[in-house]
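In the structure tokens that follow, a single protein chain appears in two forms: structure 1, then structure 2.
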Structure 1
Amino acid sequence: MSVIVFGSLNTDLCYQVRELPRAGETISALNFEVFNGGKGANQAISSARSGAKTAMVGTIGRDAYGQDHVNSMDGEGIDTSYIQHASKPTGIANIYIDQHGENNIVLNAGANSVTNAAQLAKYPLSADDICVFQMEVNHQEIVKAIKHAKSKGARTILNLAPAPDDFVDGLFDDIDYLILNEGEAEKVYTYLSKDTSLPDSYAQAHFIAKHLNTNCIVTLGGEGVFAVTTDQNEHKATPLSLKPQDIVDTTGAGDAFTGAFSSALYNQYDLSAALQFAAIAGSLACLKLGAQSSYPNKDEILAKLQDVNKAA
């Protein structure tokens, strides 16, 4: 049994700035650092660190950035044998982070653009496995990979980030858990319902869960997270209450959530417990600069969980 993450690996070039630059403006960074990132790689690191046997399926360039990913994942005990090399360079994300921890990201997909479902087909998938997908590799290949995972009986999780403007056919056909932020939920709701007058996030999630016959999870940032199950039941979890001055960088907090949620399912948590575990991982990921560099391990999450339970 494993969590298998199919997705992107990027190198994040992170610039801390006072305010995000406006069009035509040149500004100086307060600080600059380079981290391993990419939504797929982030989710794999979060999954492994929070307690699941994890494998990564993706593509890197034949460059030092790509090798850094493999070294770091090997160090976390992640199976990297399904990462292929391409002639294109490892994906790059230029990330600007302001003093409130908010960010803007410009991506160059590079090697991620050749990641394909045949790579996942080489993995000996079984019904015990959990496959995790996001949207930073070719969308047709994501659909094929999801279908393959389902044909082997694996559970499937799709984190629809970044949300495209249009959805490829079949994207939602075989998804057990669809993880959305508020903006992504609005896009999916509008696409499915053709209704431009948006109801609240809860009504959207009920509609999405019913329409797609999936468990729909919506993350609300500092407001927490909720899920609507296929039978229309609601589950909620609260994040840590963070002081604005403690939030350093929200980059990759959603990936920390998705990875920890996958790991919680791997560890056979029920849905409410998995949401709470993942919500804490997402909160802790906001306290340090960078994505993977900020992710907590299982003990850190469980310690905070105890504090939350004591306070309740």
Structure 2
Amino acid sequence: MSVIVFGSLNTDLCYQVRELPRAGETISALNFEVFNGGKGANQAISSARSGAKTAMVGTIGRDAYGQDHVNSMDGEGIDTSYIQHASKPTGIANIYIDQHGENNIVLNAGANSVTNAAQLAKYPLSADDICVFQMEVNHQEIVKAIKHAKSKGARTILNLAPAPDDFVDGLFDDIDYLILNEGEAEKVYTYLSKDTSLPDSYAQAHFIAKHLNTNCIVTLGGEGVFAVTTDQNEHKATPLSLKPQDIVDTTGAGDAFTGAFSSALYNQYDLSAALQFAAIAGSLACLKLGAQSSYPNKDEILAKLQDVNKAA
């Protein structure tokens, strides 16, 4: 039994600047840091760190950035044997952040653009496995990979991020858990219902769960998370109560949630418990700089979970 993450690996080149550069302008950075990222890689790290046997399926270039991803994942005990090498460079995100927290991002998908379902087909999937997908690789290949996973009886999780402007046919056909933020839920609801007079998030989730016959999970940031199951039952979980001055960086908190949720299912938590476990992981990820560097381990999550249960 494993969590298998099919998705992207990017290297984030982060520049802190006083003001974002204007056209034709050259400026000096206040600071520069390099982080491993990509929604797929983030979720794999979160899954492994929070207690699941995890494998990563994706593509890197034959460069130092790609090798650093492999080294990092190997260090977390993640199975990297299903990561292929491509002639294209490892995906790169150039991120410019000004003193007000505003940012510009230039993304080159690079090797992510050739990730394909045939890679997942090499993995010996079984009905005990959990397959996790996001939207940073070719969307047609995502559909094929989801269908393959379901044909083997695996449970499927789709985190619809970043949400596309158009949905490819069949994307939602074989999904057991659909994880959305509020904006993504609006997009899916509008796409399915053709109704532009949006009801609240709960009504949207009930509609999505019923229409797609899936468990719809909607994250609400600092307000927590709720799920509507295929039989229309609701489950809710609350995040940690964080003071604004304690929040360092919310980057990657959604990936921390998805990875930890997958890990909780792997560890046979019921839906309510899995949501609460993942909500705590997402909260803890906001207390440190970066995405993967901020992700808590299982013991840290359980310790905070115990505090929440005592306070309830």
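Think of the rigid core as the biggest set of C-alphas that the two forms share within 1.5 Å after superposition. Along the sequence of structure 1, residues get numbers from 1 upward. Treat the numbers as computed from the prediction; the structure is a model and nothing was measured.
Structure 1 is taken from the form predicted in complex with alpha-D-ribofuranose, while structure 2 is not.
In a rigid-core overlay of the protein, Gln268 has its C-alpha displaced by under 2 Å between structures 1 and 2. Core-superposed comparison between structures 1 and 2: the CA of Leu302 stays below a 2 Å shift.
After superposition on the rigid core, the Cα atom of Ile27 is displaced by 2 Å or more between structures 1 and 2. For Tyr15, the displacement of the CA atom between structures 1 and 2, after superposition on the rigid core, amounts to 3.3 Å.
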